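A single chain, nothing else alongside it, follows as structure tokens in the form predicted on its own.
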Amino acid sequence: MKYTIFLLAIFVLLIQSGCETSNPTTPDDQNDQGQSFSLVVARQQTAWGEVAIYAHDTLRAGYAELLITVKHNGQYVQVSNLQFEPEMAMQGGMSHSTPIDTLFWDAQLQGYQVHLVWVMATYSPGGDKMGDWTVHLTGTIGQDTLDLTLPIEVYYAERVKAFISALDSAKIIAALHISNPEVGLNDFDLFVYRKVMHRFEPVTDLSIEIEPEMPSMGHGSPNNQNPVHIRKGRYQGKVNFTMTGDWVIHTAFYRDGVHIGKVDFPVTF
């Protein structure tokens, strides 16, 4: 009886060991540097290692957070003079960049976090191709050079709006970001930029007023806080949703008390 129990114990240990070694967790299967950045949106091998770009989920027009990891000779490393340059090559032959809110080294995740705003999608709502997004990465790692261009797919979402300023006819881009809308008071970010040639410059001197409305029910909601500028064209405020459903956030922009434009952001949850 003791001999049978001993053999059974060895058998169980062998089964457990086999299960553990048959499903290894590596960066090739998922991002072991940070589980929240679980989706690989771009990856390329190099002569000295690998560069990968991760996201929380599918990239859509509007605010996004990325994690860039650089593996050099088997180790995650920092890059000297890292440059991150996204570019949209339009179908008509023109090109433009997209605004970058911040780029920083995350020691815990062993990679670079990039927070940015995709100003447009790769495809229109009807499925027509608008252009191609790429990200150009350059820098140095010891004696080696980083110089890669990676393709990126960005899907449509109605989170980016544009209007022409009534003051100077500048094209203004505004992007709304609410992490997980819910009933009650929600923090939100509003990113505002001015298009200058193929670049986007932050607009920092606006007063912004919001008014949420639920068109299907014919009412709004009280106790909202208009967004105020905090840095580089990023404004923060609070919006109150009194119930679930289809909302529209009417957003008006002012400079020195003069109304320069208005956009509407749909939010459904």
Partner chain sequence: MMQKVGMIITVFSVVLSVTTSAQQISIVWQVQDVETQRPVPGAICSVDSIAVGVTDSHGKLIVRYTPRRPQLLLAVRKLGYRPWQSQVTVTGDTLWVSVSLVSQPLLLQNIVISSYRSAREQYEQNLLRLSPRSIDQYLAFLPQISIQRRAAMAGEPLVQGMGMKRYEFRIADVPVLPACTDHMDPANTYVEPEALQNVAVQFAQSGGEFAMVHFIPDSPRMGPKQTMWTGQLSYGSVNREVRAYVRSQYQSPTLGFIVDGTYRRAANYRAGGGELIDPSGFRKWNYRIHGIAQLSPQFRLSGVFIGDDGYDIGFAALPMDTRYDRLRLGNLALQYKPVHQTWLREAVFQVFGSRVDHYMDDWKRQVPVHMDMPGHTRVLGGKLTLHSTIAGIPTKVATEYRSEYVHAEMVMYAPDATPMWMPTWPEMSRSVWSVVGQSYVPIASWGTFIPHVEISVAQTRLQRADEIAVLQGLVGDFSPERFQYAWSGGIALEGKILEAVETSLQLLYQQRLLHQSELYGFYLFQSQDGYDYLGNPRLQPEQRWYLNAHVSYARKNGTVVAMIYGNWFMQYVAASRIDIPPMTIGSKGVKQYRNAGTAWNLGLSLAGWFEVLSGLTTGCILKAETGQRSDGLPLPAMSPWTLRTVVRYQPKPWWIEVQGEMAVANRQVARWAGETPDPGYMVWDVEAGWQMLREMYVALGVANVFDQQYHRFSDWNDLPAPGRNVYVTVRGRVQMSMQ
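Residue numbers count along the first chain shown, from 1. Please read these numbers as outputs of a predicted model, since none were measured by experiment.
What follows is about the form predicted in complex with the partner chain, which we do not show.
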Answer key: of Gly184, Gly92, Pro151, Gly142, within 4.5 Å of the partner chain in the predicted complex (heavy atoms) is Gly184
State the residue from Asn223, Thr204, Gln45, Ser38 whose non-hydrogen atoms include one within 4.5 Å of the partner chain in the predicted complex. Asn223
4.5 Å heavy atom contact, Asp246 to the partner chain in the predicted complex: yes
Although the partner chain is absent from this view, report whether Asn240 comes within 4.5 Å of it in the predicted complex, heavy atoms only. yes
Taking the shortest heavy atom distance, is Ile210 within 4.5 Å of the partner chain in the predicted complex? no
For Val228, is any heavy atom within 4.5 Å of the partner chain in the predicted complex, or not? no
Looking at heavy atoms inside 4.5 Å, which stretch does the partner chain contact in the predicted complex, given the options 75-83, 189-197, 176-184, 121-129? 176-184
